[in-house]
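Have a look below at one chain only, the form predicted on its own, in structure tokens format.
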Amino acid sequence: MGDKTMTAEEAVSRLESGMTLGIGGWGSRRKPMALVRALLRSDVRDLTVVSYGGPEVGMLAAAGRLRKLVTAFVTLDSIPLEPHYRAARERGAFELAEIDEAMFMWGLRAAANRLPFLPVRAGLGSDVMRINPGLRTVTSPYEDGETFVAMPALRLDAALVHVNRADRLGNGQYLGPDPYFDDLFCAAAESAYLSCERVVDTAELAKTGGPQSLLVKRHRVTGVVEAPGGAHFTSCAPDHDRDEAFQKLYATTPWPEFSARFLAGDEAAYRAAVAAWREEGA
């Protein structure tokens, strides 16, 4: 339980092509974008990504890094359907497993508890069963005899999440209005890499939020990456809101042009390119 701090590049160096990778956050909210940008600078590809999808899915899809996507949606929130994801999906660039939001959560929970599946009502009576023919149902062994979807565990080789604060041991704290399911992503994974707006002493975590804000436990975390603005351009309340203007630029710019301008260098180069873009519009 020693110092787990590392750089984004060091975290990504531990990932391998062909892995199943969980990415935390929700839509365009508190996504580990600094880690995703580092991933895009690497040679890792052929990924199965499990995510309540946002721009990280669009970027990985546009860059040709996806083999399969497991998701309930892919959205930029203020822009309902992620355009780079949509373009890649329309090209048939990767396999898609689309499931209900609650099924997704129970799949993570099953993996977190090392169970093969968990029963859930979500999905019954919908086309989820038709478009996912591999799904099965189970019948309660008790007198109610109710039928459930047997949601299989969403086991992850690795997970990437972003929170507001963390200590060097791997305890992660959210300070915004919603925990999302970052704790489940970490618990469902063999290794988990947590980026944060700021690394603080352990004692400071207790001063800035209640016990419920200590979302991610250190024994679930492999590496901690201090990444101020590491969720940009997604939101990370209360530290910063979504950068709506930059998100619109991302959504309306052809991927080769966007990636060449903003993703060709390291994280410092990314911040400089964003600042230069802002200056142009000032």
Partner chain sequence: MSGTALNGTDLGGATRAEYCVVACADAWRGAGEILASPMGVIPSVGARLAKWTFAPDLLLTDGEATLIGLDGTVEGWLPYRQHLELVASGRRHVMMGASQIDRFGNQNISCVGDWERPRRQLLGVRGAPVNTLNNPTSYWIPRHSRRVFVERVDVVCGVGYDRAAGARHHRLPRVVSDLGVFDFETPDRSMRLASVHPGVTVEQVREATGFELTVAAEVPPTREPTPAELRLIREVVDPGGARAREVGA
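Positions refer to the first chain, counted from 1. Note that the coordinates shown come from a computational prediction; the quantities given were computed from them, not determined experimentally.
Quick note: we don't show the form predicted together with its partner chain, though the next part is all about it.
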Since exactly one of 122, 150, 112, 200 fits, which has a heavy atom within 4.5 Å of its partner chain in the model of the complex?
122
I need to confirm a contact call. Of 134, 116, 141, 80, which residue comes within 4.5 Å of its partner chain in the model of the complex, counting heavy atoms only?
80
Site test, 41, 231 and 270 vs its partner chain in the model of the complex, non-hydrogen atom cutoff 4.5 Å:
no
Name the stretch: of 124-132, 151-159, 165-173, 190-198, exactly one has residues whose heavy atoms fall within 4.5 Å of its partner chain in the model of the complex.
124-132
Check residue 98 for me: does it contact its partner chain in the model of the complex (non-hydrogen atoms, 4.5 angstroms)?
yes
Can you tell me whether residue 210 touches its partner chain? I mean in the model of the complex, with a 4.5 angstroms heavy atom cut-off.
no
Is there a heavy atom of residue 29 lying 4.5 Å or less from a heavy atom of its partner chain in the model of the complex?
yes
I'd like to know if residue 72 sits close to its partner chain in the model of the complex, meaning any non-hydrogen atom pair within 4.5 angstroms.
yes
Need the contact residues for 173-192: heavy atom within 4.5 Å of its partner chain in the model of the complex, sequence order, or none if there are none.
174, 177, 178, 179, 180, 181, 182, 183
